[in-house]
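The data below hold one chain only, encoded as structure tokens and taken in the form predicted on its own.
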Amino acid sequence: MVKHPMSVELEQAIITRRGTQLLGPIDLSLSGTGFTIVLGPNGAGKTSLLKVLHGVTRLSSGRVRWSVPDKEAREAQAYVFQKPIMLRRSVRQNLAFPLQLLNFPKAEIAERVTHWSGRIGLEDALNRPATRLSGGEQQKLALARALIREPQVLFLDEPCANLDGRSTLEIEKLLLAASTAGTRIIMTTHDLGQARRLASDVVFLLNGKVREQATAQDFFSAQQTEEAQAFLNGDIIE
């Protein structure tokens, strides 16, 4: 695991598909600490930005530069999708899988699985097929599976979009605890209340470009663009 915070810079980052520019050009710097919330309307490029930073989407031009070598950066990251992807295995096996890939000792795997199953309230469901869990349980399992190997950076794409209030609250508690423990979090959400509760800083995207970047306090109290003001007012923006 990386011992020092990892900052990242995007330099003139552009994604073009079939002649259409989906993202960019973006110049963006994110420090190695904090809880960044990425906001913007549908189609603004939020998911594309996360995938570029995580290295699963290639840029058409420009550069992503981490403060550590790329291989080290990738190994220290985890990604949780909006719709959780469950291995067709038990809860126990889902939690153990990322640690097995990293060749953790069996005793440590068992210890971490016990700890994290308790953190997400699934200690009595370890032998249950993960695909039979409720939506909220699956999302908590996906999050625990990402956090179990203690990533330095965690990307989350709308992790609470389809969940009820109780599941959302439980996941927010896990995220805040992870952030306090030192995990760098970069997350998209449509929930402005959630953004206010969680964010230390905000990146506001529109039409594939960064329109504002500020601390959460500054963004929510004094927007610098009319588009951001309209977005926070619930207006439709294009």
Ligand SMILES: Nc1ncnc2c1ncn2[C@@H]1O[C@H](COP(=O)(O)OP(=O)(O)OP(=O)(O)O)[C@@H](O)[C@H]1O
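Residue indices: 1-based, along the sequence shown. Only a predicted model underlies this, so the values are computations on that prediction, with no experimental measurement involved.
Only in words, not in the display: the form predicted in complex with this ligand, which the text now covers.
- This ligand in the model of the complex comes within 4.5 Å of no heavy atom belonging to Gln213.
- In the model of the complex, this ligand sits beyond 4.5 Å of every heavy atom of Arg63.
- Although the partner is absent here, Arg184 sits far enough away that none of its heavy atoms falls within 4.5 Å of this ligand in the model of the complex.
- Although the partner is absent here, Thr180 is not a contact residue: none of its heavy atoms lies within 4.5 angstroms of this ligand in the model of the complex.
- Contact check at 4.5 Å (heavy atoms) against this ligand in the model of the complex: all three of Ala44, Gln82 and His190 pass.
- The candidate stretches are 65-73, 195-203, 36-44, 171-179, and the one lying within 4.5 Å of this ligand in the model of the complex by heavy atoms is 36-44.
- Contacts to this ligand in the model of the complex (heavy atom within 4.5 Å) from stretch 157-183: Glu158 only.
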